[in-house]
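Presented below, as structure tokens, is a lone chain in the form predicted on its own.
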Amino acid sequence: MILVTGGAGYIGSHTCVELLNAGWEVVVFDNFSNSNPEALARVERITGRKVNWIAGDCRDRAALVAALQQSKAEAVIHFAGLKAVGESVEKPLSYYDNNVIGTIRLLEAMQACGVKKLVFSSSATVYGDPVKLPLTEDHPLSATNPYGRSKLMIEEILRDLQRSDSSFGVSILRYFNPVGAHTSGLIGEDPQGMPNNLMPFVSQVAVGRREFLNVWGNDYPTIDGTGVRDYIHVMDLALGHLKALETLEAIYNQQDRRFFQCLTVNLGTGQGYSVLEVVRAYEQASGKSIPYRIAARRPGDIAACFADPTRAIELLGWRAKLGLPEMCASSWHWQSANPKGYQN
């Protein structure tokens, strides 16, 4: 049994599909602040398997202890947290409270229940403004915004915990930019309120929910002046979590705790695309025009960021398989079938 915090969210729901298809039992722990229980009902439709869930907040240690005890979970995949760069600049205390304090409470609950395996949802924002590209896991760590600093703080907490208890197994997955949706079109990214990431904003413009896309800055030192990011299909990302969990299980089953460590890997494709390249690819996938306007740079944004995925290939046996056309096509399939997201 795997406890999945934030499992009703965008990445969490897609990962639940992979876990269930691989034979795992899952229980989702989510406060539904930026998600919808309907996503879990649709995961059940996709997989033909039951998804148990508990409504709760990761800052509630007692609720986490109860969830771990009730589910008899043997490992945790931790997605729960706030994730918008711009919002984090405006509301830093909320990000430290939800992300850092929430993770500490989860770790306390895991210790209390003897659960020693954790896959953690981190971010490439822990690399800050890149010194060199592509980004490898030994790149100097920093952050340019409170969201990134919250992830960096959590990583340091996990490394300290693992050093204090060598039987605690942690896999830190540094995401690049998840996009796309499940091929069924039943689940996808459905942000509450104004989207903070590029692809859902583009898709909402394409479907007519929004008039135009704001492009935040066109004066970066990139191919067309717009920000360049490593976009990764959410189903590739979900499979990366399954591989990370299986790797922790394999190490644990060796019964030699000296091999336990924080397995830190990038989950990205190694290919960067600019905002305008994504817009053109989405227009081709959807057959719709995507009007856009150039706006000032957002605080905390950087020019370019893309991964060196070599370590994930070597340690997890994982590599991204789906490209930008598949990302845009699956996103459009989801959005066109669900123009108002899960509120249809």
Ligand code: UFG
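Take the two forms, superpose them, and find the largest set of C-alpha atoms that agree within 1.5 Å; that set is the rigid core. All values reported here derive from a predicted model rather than from experimental measurement. Numbers for residues come from their place in the sequence shown, where the first is 1.
The next section is about a form of this same protein that is not shown, the form predicted together with this ligand.
Stretch-level contact analysis of 244-252, 161-169, 83-91, 107-115 against this ligand in the predicted bound form, using heavy atoms and a 4.5 Å limit, identifies 83-91. Only one of S71, N214, T144, Q261 lies close to this ligand in the predicted bound form, with a heavy atom inside 4.5 Å, and it is N214. Out of the listed residues Q271, N196, Q204, S184, N196 is the one that sits within 4.5 Å of this ligand in the predicted bound form by at least one heavy atom. Heavy atoms of every residue among A124, N177 and V275 are located within 4.5 Å of this ligand in the predicted bound form. Interface residue remark: R229 is counted as part of the site for this ligand in the predicted bound form, having a heavy atom within 4.5 Å. Interface residue remark: R280 is not counted as part of the site for this ligand in the predicted bound form, having no heavy atom within 4.5 Å. Interface membership of R298, defined by any non-hydrogen atom within 4.5 Å of this ligand in the predicted bound form, is confirmed. After superposing the rigid core, the Cα of G185 is displaced by less than 2 Å between this form and the one not shown. Positional change of D219 between this form and the one not shown reaches 2 Å or more at the C-alpha, relative to the superposed core.
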